[in-house]
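Before any questions on binding or motion, here is one chain by itself as C-alpha cells, the form predicted alone.
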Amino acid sequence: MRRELRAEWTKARTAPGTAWLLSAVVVLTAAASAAVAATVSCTAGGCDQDVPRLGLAGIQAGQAAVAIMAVFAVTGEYGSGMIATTFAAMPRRGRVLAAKAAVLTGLTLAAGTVAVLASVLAARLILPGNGFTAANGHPPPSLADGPTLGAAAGTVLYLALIALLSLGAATALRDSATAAGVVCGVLYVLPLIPHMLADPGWRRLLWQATPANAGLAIQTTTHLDDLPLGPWEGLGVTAAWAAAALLGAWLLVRTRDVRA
C-alpha cells in the first residue's frame, strides 16, 4: 500500500481545506471547552460534577470539523471527477479506501490530541476560579490522574472513529451536502431521540445504540454505575458504527461504476 498511502498523503497535504479544518478541530474543541468551564461553578459545600467531562465538553463542537474533513476527503474527488483518475492509476479500490482511512486517522489523531490537551489546559486555568479546587473536593483536571488520562485518550480515539464513520458514509453517498447532513444527523439529532421516549427500556436501548451517546461515555469518570453502557463498551459501539460504514463503503466502491 506504499504507493496508495503516498498518493493519499499528498492529496491531504496539498488540499486547501485540510489545514483549516485541522485548525478548526483544535480551536472549536478548546473554545467550547473553555466556554463550558467558564459557565459552571462549585461552592464550598461541594458539587456533583464530573470535572474531566466538563473539561472535554468541547468535543461536541470539534467533532463537526472532523466529520466535514472526512467527508471532503472523499467527495471532493467525486465532485471534480478526479476519482476516476485515482482508480485508473491505482485500480485496487479497496487499497485506496484503506489508504484514505489511514491518512485520515493519522491526521485526526494528531489534531485530536492537540485539541484535548488544549481543552484540559483551559479547564485547569478556568475551573479553579469557579470553585473547582481540592479544598472543595473537585480539583481541576490533570493528566496525571488515571481516570482523566483515560477520558482524554478515549476522547481522541472517539474523534478518530467519527472520522472513519464519516469517511465510510461519504464514500457511499459521494455527495458533500448529503454526506455531511447524514453524518451531522447521526452525531447531533440521533442522540436526542432516546430522550423523547417515555419507555425507559427503549430509551436505554437506543441510548446504547447511538454512536455519539455511547462513544462519549468514555469521558465519564464518576457515577459509572448509572451509565446505560460502560465507557469503553460505549466506545466499542462507535467503533462498530465506523466498521459498518467502512465495510459498506468498501463493498460499494469495489462494485459500483465510478461515473454512476
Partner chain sequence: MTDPSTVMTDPTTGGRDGFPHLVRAEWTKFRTVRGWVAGMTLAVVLVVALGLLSAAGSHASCGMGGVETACTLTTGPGGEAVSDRFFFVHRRLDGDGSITVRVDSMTGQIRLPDTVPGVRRVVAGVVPWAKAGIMVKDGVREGASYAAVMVTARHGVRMQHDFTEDVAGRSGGVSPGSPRWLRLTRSGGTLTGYESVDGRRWTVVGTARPAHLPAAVEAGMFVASPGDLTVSRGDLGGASVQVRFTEATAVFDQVRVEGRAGGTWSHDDVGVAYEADGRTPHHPGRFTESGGAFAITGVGDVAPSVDGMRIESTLSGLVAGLVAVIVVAVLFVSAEHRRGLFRTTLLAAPRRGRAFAAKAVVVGAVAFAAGLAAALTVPLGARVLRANGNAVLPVSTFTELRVVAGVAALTAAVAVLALACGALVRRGAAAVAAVAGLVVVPHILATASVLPPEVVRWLLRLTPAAGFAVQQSVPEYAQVLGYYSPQGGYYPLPPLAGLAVLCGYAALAAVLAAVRIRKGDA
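Numbering follows the first chain given and starts at 1. In this text, all values refer to a predicted model and were calculated from it rather than measured experimentally.
What follows is about the form predicted together with the partner chain, which we do not show.
Visitor: In the predicted bound form, which of the stretches 110-118, 174-182, 94-102, 142-150 has residues with heavy atoms within 4.5 Å of the partner chain?
Guide: Selected range: 174-182.
Visitor: Please check if Gln60 has a heavy atom lying within 4.5 Å of any heavy atom of the partner chain in the predicted bound form.
Guide: Yes, contact at 4.5 Å.
Visitor: Though only this chain appears here, would Gly129 touch the partner chain in the predicted bound form if you measure heavy atom gaps against 4.5 Å?
Guide: Gly129 lies outside the contact set for the partner chain.
Visitor: With a 4.5 Å heavy atom cut-off, would you call Thr221 a contact of the partner chain in the predicted bound form?
Guide: No, Thr221 stays farther than 4.5 Å from the partner chain in the predicted bound form.
Visitor: I'd like to know whether Ile193 contacts the partner chain in the predicted bound form, with contact meaning heavy atoms within 4.5 angstroms.
Guide: Flag for Ile193 set to yes.
Visitor: Taking a heavy atom within 4.5 Å as contact, would all three of Arg124, Thr133 and Leu235 count as contacting the partner chain in the predicted bound form?
Guide: Answer is no for this spot.
Visitor: Taking the partner chain as it sits in the predicted bound form, which residues of 223-246 have a non-hydrogen atom within 4.5 Å of it? Please list them.
Guide: Going through 223-246 in order - heavy atoms within 4.5 Å of the partner chain in the predicted bound form - the hits are His223, Asp226, Pro228.
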